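One chain comes next, on its own, written as structure tokens: the form predicted on its own.
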């Protein structure tokens, strides 16, 4: 064969792959350019499927949160919770969190939101929608923040219909991360260490999560509507004015004499920790090293030459190669074993705290029954209040054992101590009424615990099912007629609860 032919053939063998590679690179660059362009999306577009036309990969990864669909009945797993929350909605129904796709449905289906028959009934205020849907900031803009926070939860059943999605975290014009809940901005400015206006992009990769994953209460706020009618809004408020520590917030609540509810048995003015993920995260090693929530829970992934943030928000352990192992040099088994030990230690102290505080509530109830005075009970109730607040704070943020393990164990230890202090004082009170040997009733199962507090469980379930089959169906029809409801968000979702 002639030398020229061999040279030609060799050139083709080299050039063709290079040509194909160049085409691939150009295609990927073109695709990345399209992704990086700012699309035109309607202001306050709450239907995430509309955003998906421009960001299909992000949306497709978000849809994967539907796979996180397991119902874990936490009251069945930890029956003491029923006693600790007696008189409060969580004693009725409390499940481990599922994927973001289920946020809205789980809020509607839980026994905690009750069984309203119209827009003016039910146990919960409108504020209970606040973290569940992009329809919330849409409504705030439409009718005003104070009007939104006024009235019953059922008032907006046909308006808040889209689960957490794109518009909760992104500006429709720039696609930049943005804070859509004004109470976060107010709280950051009140605390002072990071003003909302000074937040960097890396800060925002945490703050958009902090809009919902933070401790809050419903602050009664007087206002006057456009017709001159006096009203009271229950405004979501973060108690950060004194700082982020559990003691700082405890003092904040004590100073304003606030209570979420009065305990049904012990008559203690109680605090219910919500989900202080941001506050506990702030004390941990990841935050101190500048690692954001999104770095671990929404890691960057690659498809060909395209890089994007996965919106399949979940445990970093589900994708450990793209999360933990990006920074840690340990092997996967070592990391998993370490994390498992942290969880075991937290669970051990948490169970001890629940048992101690649960018995304190029941012993206090006995003391009242025997005729104890308010003066005798005041120091006892303060210990119970502080013990349960600290226990609840340490476990309500489900990742606390990982985000800030040392702080979590410290807080749980103080909760046990304060719970024991309450029980020691109660022994003295009970002895005055000839009941020093009183033993709290058994609450070792969910059913026994519900019997102890007299919870009419089956009645609550029957009422809930009636609501779901009537008013709930009306909400869907109304929302569909308004053009708000996107049935695609419910595709593949099974009706799952702890009571059916």
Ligand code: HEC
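Residue numbers count along the first chain shown, from 1. Please read these numbers as outputs of a predicted model, since none were measured by experiment.
Just so it is clear, the following notes concern the form predicted in complex with this ligand, a form of the same protein that is not shown.
For the candidate spot formed by 164, 177 and 297, every residue has a non-hydrogen atom within 4.5 angstroms of this ligand in the predicted complex. Proximity of residue 475 to this ligand in the predicted complex: non-hydrogen atoms within 4.5 Å are absent; the residue sits far from the partner. Residue contact with this ligand in the predicted complex: residue 102 places a heavy atom within 4.5 Å of it. Although the partner is absent here, residue 146 sits far enough away that none of its heavy atoms falls within 4.5 Å of this ligand in the predicted complex.
Interface residue remark: residue 120 is not counted as part of the site for this ligand in the predicted complex, having no heavy atom within 4.5 Å. Residue-level contacts in the predicted complex: of 421, 191, 355, 106, one residue has a heavy atom within 4.5 Å of this ligand, and it is 106. Proximity to this ligand in the predicted complex, defined as a heavy atom within 4.5 Å, singles out one entry of 208, 236, 364, 160, which is 208. Stretch-level contact check against this ligand in the predicted complex with heavy atoms at 4.5 Å: of 226 to 234, 379 to 387, 253 to 261, 286 to 294, the positive one is 286 to 294.
Contacts with this ligand in the predicted complex, taken as any heavy atom within 4.5 Å, map within 321 to 356 to 323, 324, 327, 328, 335, 338, 339, 342.
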